[in-house]
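What follows is one chain in structure tokens, specifically the form predicted alone.
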């Protein structure tokens, strides 16, 4: 049986009187491409921040890469990569300088850091732009640099929180090609949050979220079969009464 990369039980978060996440039970398997699908305000980013130990839960528990998020946050963070909706790269530094800074934060030995940085730059098509400032990059290249930094310490789990937000269709397609290549070569567990139905279609399994609650969870094919519909968009509509966004990508 495949081990759980993420195991949440009754996980919840309140902000004052507002319940952002309501008693989430969730298991993500090692090596899985897991989609977390829902509109803005569904609790997706809150869930990622809880699992990444950036927020403390109001109730419930979770283990990430085998470590308790409440008591072993440092071990959790060592085993995950996190790419936020908005870039956290220093825009005034070069791509290479940003990666070197990340390597120092992870205390990577110099020779190891140099090898990993060069490999990441080449994998993500950034080698020729390594001495350019992040500010000068296109949105798609900036996103690639975000992910390159996120995997530099070779995490077991990569969280991608709305990674294609603001990208044009061409940059979006390029980004997904990079992610597919990365998964194929590393067996990395990828936890994707999105409000675009077509981005969730390639996932091994998809959790449908609505107003902080889990509305459905299964493979895309099984979700559609059980609902008797042809698309994940129709699944979401059937489960929640709401429609989801379309990327418009061809």
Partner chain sequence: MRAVYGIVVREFVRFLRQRGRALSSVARPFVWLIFAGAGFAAVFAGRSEIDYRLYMAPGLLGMVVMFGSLLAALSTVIDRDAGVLRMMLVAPIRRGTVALGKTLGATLVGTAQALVVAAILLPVVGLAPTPGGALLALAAIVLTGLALGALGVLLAAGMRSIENFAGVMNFVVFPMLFLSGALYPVRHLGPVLHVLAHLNPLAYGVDLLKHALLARWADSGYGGELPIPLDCAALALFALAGLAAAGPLLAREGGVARAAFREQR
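Positions refer to the first chain, counted from 1. These figures come from a predicted structure and were not determined experimentally.
One more form of this protein should be noted, the form predicted together with the partner chain, which is absent from this view; the next part is about it.
Remark: residue 165 does not count among the residues lining the partner chain in the predicted complex, judged by a heavy atom distance of 4.5 Å or less. Heavy atoms of residue 138 never reach within 4.5 Å of the partner chain in the predicted complex, leaving it off the interface. Although the partner is absent here, residue 18 is a contact residue: one of its heavy atoms lies within 4.5 angstroms of the partner chain in the predicted complex. Among residues of the shown chain, residue 93 is one whose heavy atoms approach the partner chain to within 4.5 Å in the predicted complex. Proximity to the partner chain in the predicted complex, taken as heavy atoms within 4.5 Å, picks out 44-52 from the listed stretches 59-67, 177-185, 217-225, 44-52. Interface residue among 77, 116, 142, 172 relative to the partner chain in the predicted complex, by the heavy atom within 4.5 Å criterion: 77. Heavy atoms closer than or equal to 4.5 Å to the partner chain in the predicted complex belong, across 85-99, to the residues 86, 87, 88, 89, 90, 91, 92, 93, 94, 97, 98, ordered by sequence position.
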